[in-house]
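Given next are two forms of a protein chain, the same chain in both, each as structure tokens and marked structure 1 or structure 2.
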Structure 1
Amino acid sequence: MRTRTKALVLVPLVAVLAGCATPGPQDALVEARRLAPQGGELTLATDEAARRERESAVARALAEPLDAQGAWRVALLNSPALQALIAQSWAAQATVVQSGRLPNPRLALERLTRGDETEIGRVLSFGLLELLALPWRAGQAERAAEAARLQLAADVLRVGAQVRQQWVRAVAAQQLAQYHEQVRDAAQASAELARRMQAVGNYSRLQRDREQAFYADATAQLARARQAAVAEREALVRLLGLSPQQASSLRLPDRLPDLPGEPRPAQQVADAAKRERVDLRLAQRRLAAADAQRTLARWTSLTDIELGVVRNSETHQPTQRGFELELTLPLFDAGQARRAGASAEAIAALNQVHQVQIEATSTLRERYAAYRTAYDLARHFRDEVVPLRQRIVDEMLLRYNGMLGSVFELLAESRTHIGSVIGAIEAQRDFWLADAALDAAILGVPAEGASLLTQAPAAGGASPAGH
């Protein structure tokens, strides 16, 4: 009777000790929601009703021209890639929580007969060593689950940086295509004027051919710009996960946002990076999980102990009660390999923390330098180059009106002004790309930097006609 009472008490106790909460999809999103800087609702659509509600929200967002924050919200709602990431993280977190639970107890039943005698044996057994190590197992599982949540947050933030940068590229490409269209129209008018001037003998064949060549070059540049706009827009469509119908509703602003009045101070950026870096927090959690796993391996790698509660009944005999202990003898495998593997994992995790710290500070310095350079370049084009070229064009217009300059001198300066405008748009695009890359560096997620060293906007402007 006393053994039965102990068993009745022991089984619920084991159940309570093993009863960790199963993570749901909302639990997997805790860190990602907290760290997402642009806001928006991050959920996992698990049924048809949620998917329909999500499509309605996307349709409302696409009813207006999509700004950068709107693109982020649409990606959160609509991107199948993000939904897959959330579901995979949910599965990973469920797996690590499962690893922290106790294996189920085993019940063995036995019925033997000899003549009119019947013998019934019952053994309820469970892993005693696993029960003793449960606090370490639960702690290790919780650290691993937290690392999985941080990994999902890092993945979501990485997608957010990609969406923001691709939105900048798409808007800039559309803006450039629209401007190239204006240039083509002006070049067409210039070529037609040259044709008429040559027809009445006021212009040479060489001069007309130069204007015609400029028109041909402007036409080719427009074709390239239109193709670039299509390519960048479709890349954005893929990131947002838009269907063909949704893609047809996508409208982008006509131009990029204006530059901020002042760049961000370096100290403000450094302080934000100290608070928000996900990669460093993730490396530290993985180190904690590896240390916990190494401690657990010291306990569980040498042997295994099974404890069983026995109750045997036999005809005409009193009931037998007792326990049995099953011990794995470490004759062929003493667990050295498991302990060595756990130690190696912990050492690797420690060095990864150091590497992430080095990369964090270096990347932040590089991205901030690129951000300041892009800001200074964009402001230089906005405040110096474009106004200077515009004043030259205005002066040439005055000279033309006073019959001190020819129409073609005026057109030549206008073409030079075209190059400065294109350079200004590209510089503005590079600034917003660098701004997004800096935000990604603050958060500790990968993102492409602006290619400031390989792209040199034409400050002096192109002069295809050779004027």
Structure 2
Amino acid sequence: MRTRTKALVLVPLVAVLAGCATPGPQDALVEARRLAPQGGELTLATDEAARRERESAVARALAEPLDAQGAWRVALLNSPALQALIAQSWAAQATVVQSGRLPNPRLALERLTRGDETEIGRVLSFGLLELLALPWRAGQAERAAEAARLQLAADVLRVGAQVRQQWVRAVAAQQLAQYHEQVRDAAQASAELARRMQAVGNYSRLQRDREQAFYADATAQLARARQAAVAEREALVRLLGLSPQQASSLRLPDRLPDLPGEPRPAQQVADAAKRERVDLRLAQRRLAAADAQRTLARWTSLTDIELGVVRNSETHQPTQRGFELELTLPLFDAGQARRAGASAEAIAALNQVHQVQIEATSTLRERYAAYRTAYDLARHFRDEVVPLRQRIVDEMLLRYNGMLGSVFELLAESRTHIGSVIGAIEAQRDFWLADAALDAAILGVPAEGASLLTQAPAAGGASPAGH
């Protein structure tokens, strides 16, 4: 009877010793929510009701043309990939919390009989060293959990940057397809006119075929542009995790957002980066964990102490009580390897902090330069190239009016003008990609930069020869 009482007393004690409570999914998301720049509700839908609620919220968001922020919100609500990420992180956090708890005490029972004599031995034992190291272990677990939370934040932000960039690509591709259609229309008008000219004997086969060739090229380009629009849209659909029905109701805005009036100043970007870098915080957290691990390893690697409470009952004998102490003798393994390992981990973590610091500043410089170049290019296209091409079309029209130039030259200039608009859209797209990449760099999240080194293909081509 007494034994049972004692055992019951042990339960709350054990609970206290076990330390921190099991994390819920919301705790796992704290860091990610705090850092996510676009806001939005980040949750893990754990039951059917939550999933239904999520679906109707997505439907509401898809009722309007989806802007970049809307795309982010939908991704947060909807993306199974993101939900999986959150759930995995939750699992990881739960595991590290587990590591912060005491190992359960062991109860050894033995029942031996000799004739009519029965001997019952009970030993309740637990690791003394582990009990003593409990505060360290709890701290370590908390650090690991925090690292996991930061890792989730980084993962979520990486997906956020991907969503934003893919949205930009999808909108731009859709917009570009429209302009390739206009190029095709201009070439088609030329070709049709040339066909009629040949039919009445005013043009040779060669002259007609030249116009027809532009039309043929423009048709091929349009097919490519349309396929690109489909591909970019579907990539967005995958990132947002849209079902077939949801995908069919997805509408994108007709055009990319305008360029901001001024680019972000370099200083503002540098200041923001100092405050918020996830990668640096993650590396520092890992370093702290490695340092703590090294300290702990100094003890735990040497020996292990097991304390047991013993109670033996034997038939016809008074109960036997006592304790037993079990020591690991560091004869063959003095724990050097474990201590060395922990030290190496700590050195690695320290160097990783340094490397992250170097990469962080360098990446930020590069991303900022790319951002500024993209901004200047987009503005150059908007303020110089496109108006210039428009003026050329206007002047060409005046020349056409004066019978100084032909309708074919006019249409060729019109094609080139549309080509410059295509270049402008591409430049605007690259700006928004670079903008998202810069945001990611400020937060210390990996993201693709925009490729500004390739020359945008001049759709519409040069003026046709022979005019």
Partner chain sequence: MTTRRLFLGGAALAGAATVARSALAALPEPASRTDTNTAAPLAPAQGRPYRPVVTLNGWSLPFRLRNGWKEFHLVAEPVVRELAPGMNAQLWGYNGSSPGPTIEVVEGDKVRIFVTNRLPEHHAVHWHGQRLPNGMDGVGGLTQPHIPPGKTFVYEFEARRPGTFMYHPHADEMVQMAMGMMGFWVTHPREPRRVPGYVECDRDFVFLLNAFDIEPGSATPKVNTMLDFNLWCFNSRVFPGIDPLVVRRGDRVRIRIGNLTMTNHPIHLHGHEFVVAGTDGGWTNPASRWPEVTVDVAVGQMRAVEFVADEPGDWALHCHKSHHTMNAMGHDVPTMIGVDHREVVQRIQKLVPDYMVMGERGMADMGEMEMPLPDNTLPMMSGQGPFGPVEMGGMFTVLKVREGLARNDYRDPGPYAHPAGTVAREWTDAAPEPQRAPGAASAAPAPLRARKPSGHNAHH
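Residue indices: 1-based, along structure 1. Rigid core (definition): largest C-alpha set, two forms, superposition within 1.5 Å. Treat the numbers as computed from the prediction; the structure is a model and nothing was measured.
S.K.: Which number, 1 or 2, marks the form predicted on its own?
M.R.: Structure 1, not 2.
S.K.: Following rigid core alignment, is the displacement of the Asp116 C-alpha between the two structures equal to or greater than 2 angstroms?
M.R.: Yes, because once the rigid core is superposed, the C-alpha of Asp116 moves 2 Å or more between the two structures.
S.K.: With both forms fitted on the core, check whether the Cα of Val310 differs by 2 Å or more between the two structures.
M.R.: Yes: Val310 shifts by at least 2 Å between the two structures.
S.K.: Given a superposition on the rigid core, I'd like a yes or no on whether Leu107 shifts its C-alpha by 2 Å or more between the two structures.
M.R.: True for Leu107: a C-alpha shift of 2 Å or more.
S.K.: Rigid core superposed, Ser125 Cα shift between the two structures in Å?
M.R.: Core-aligned C-alpha shift comes out at 2.4 Å.
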